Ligand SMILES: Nc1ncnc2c1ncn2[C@@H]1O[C@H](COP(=O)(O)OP(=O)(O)OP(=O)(O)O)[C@@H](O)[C@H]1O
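One chain follows as structure tokens, the form predicted alone.
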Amino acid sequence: MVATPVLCVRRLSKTFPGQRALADVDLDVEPGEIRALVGQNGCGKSTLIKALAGFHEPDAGSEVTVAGKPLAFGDPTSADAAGLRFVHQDLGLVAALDAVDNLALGHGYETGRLGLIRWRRERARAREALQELGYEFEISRPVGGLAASERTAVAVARALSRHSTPPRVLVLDEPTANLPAAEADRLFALVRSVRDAGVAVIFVSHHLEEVFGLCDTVTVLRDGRLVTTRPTAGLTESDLVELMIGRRLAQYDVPPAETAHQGDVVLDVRGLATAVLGGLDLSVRAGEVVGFAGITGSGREELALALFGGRPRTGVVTIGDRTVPQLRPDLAVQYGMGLVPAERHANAAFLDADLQENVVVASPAAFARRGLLRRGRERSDVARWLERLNVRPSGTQRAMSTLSGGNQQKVVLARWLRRQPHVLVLDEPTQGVDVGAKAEIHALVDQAAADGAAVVVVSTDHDELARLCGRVLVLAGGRVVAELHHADLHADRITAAAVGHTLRSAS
């Protein structure tokens, strides 16, 4: 007997000025099903989710029903009342508030007859909601101090709150983007418990191993259109990549040949220390790509900003023969360093500015003459770089906010590559990026090294480190505990070095 779909989408379309983001998409999701939603950046996934959430109003003729009842478009309260719940990639939590307060966001607190908050009942309800998901931690702690998986659990618990109608569909948008492997496994157990309770789950991810390991079925979008919906059983990763990008690539991300000859030392680091890092020494030569791995709290998260001067530190960072003082990223840029940070929206992308402004912000005077900016030449140069990096949709005057995550990342890369940096520091360079854009970004990193840059890659994606790097340093407790070279570079070896050291230290 076939179950009745809890979510039915028919002919869902959305047109923006100059772009049709969705075109006649149909979708059925059953109760207790985990449905993957995949596709390249810009394929329409975010537009579909925002239409369901009431943020976008679809084109005329679109229809959506939840549990058999029509969904009112353009109204987030209607989506919530229908039982559609969303956990977005940024989680929407207030770091300074505790779990109780964050769970109350959006629907308020329970109050007594005098309007006073019933704190005891609110705390008990918060503990119960988290325990149902398999989590127990001190709920009075600010969520900013929780582990990444615990913060995600708070966001999921809030989404599953029964303050109005029971939850029927939970949409998770890139929930593992900031999670190390061990915490991601804990999240998957949480998702399965939600499914077992009869709630349908739509799981958006660029990590194909998550799609096959967690999801029952997969829906593929390409260029705003539905390609297919089918069970994950019987599909291979190559099959899914072909469905996503429209062509079969036998080797869509080929590792570069091992570089036999490298140049002089360009980046030299001695005794680099932060609140977590405990005295790092590092030398990187021109044309070399060096990676850093480590679990959360190992010091990995602090390294890139410390090198760039964006975090208090001690020690000496030298580019060529110039020393970069702490807290002077302006001098790091002047001396030839570029940084692509992990938190793109917070630290790199100017979403309200256009692409030209985003690209030239690191070198605004490059096309100035006698105090006057030659805007035509600047625009032509930016357009050339956007074309070279295959930024889509292109257009120097297009707002950064209109681009997908992968294309925004390529714009940030263009900002630094056009400066021909001596040192390029990349922190989670392909986080939240689809397989096609990931391969393109990897090729750009290869080319930067071939052009003579010393490249440092900090990543929780161990396959990425194995693909890009000639050697990888593994951090634990703020110190280097292992160094792997080209012949030993494999994702499993990197993981074993990072996790194995931690387990040995704890035993």
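Computed from a predicted structure; not experimentally measured. Residue positions are given as counts along the sequence shown, with the first one as 1. What we label the rigid core is the largest C-alpha set whose atoms superpose within 1.5 Å from one form to the other.
Keep in mind that the form predicted in complex with the named molecule is missing from the display, and what follows is about it.
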Which is the contacting stretch out of 59-67, 477-485, 439-447, 34-42, given heavy atoms within 4.5 Å of the named molecule in the model of the complex? 34-42
Of the residues 363, 401, 323, 314, which one places a heavy atom within 4.5 Å of the named molecule in the model of the complex? 401
As a check of understanding, the residue in 396, 89, 262, 274 with any heavy atom within 4.5 Å of the named molecule in the model of the complex should be identified as 89
Report whether the minimum heavy atom distance between residue 405 and the named molecule in the model of the complex is within 4.5 Å. yes
Determine whether any heavy atom of residue 174 comes within 4.5 Å of a heavy atom of the named molecule in the model of the complex, and answer yes or no. yes
Give a yes or no for residue 21: in the model of the complex, does one of its heavy atoms lie within 4.5 Å of a heavy atom belonging to the named molecule? yes
Classify residue 432 as contacting or not contacting the named molecule in the model of the complex by the rule of any non-hydrogen atom within 4.5 angstroms, answering yes or no. yes
Does the trio 16, 47 and 206 actually contact the named molecule in the model of the complex, every residue with a heavy atom within 4.5 Å? yes
Quick check: residue 232 between this form and the one not shown - does its CA shift reach 2 Å or more after fitting the rigid core? no
With both forms fit on the core, is the shift of the CA atom of residue 223 between this form and the one not shown 2 Å or larger? no
Please determine whether the C-alpha atom of residue 89 is displaced by 2 Å or more between this form and the one not shown following superposition on the rigid core. yes
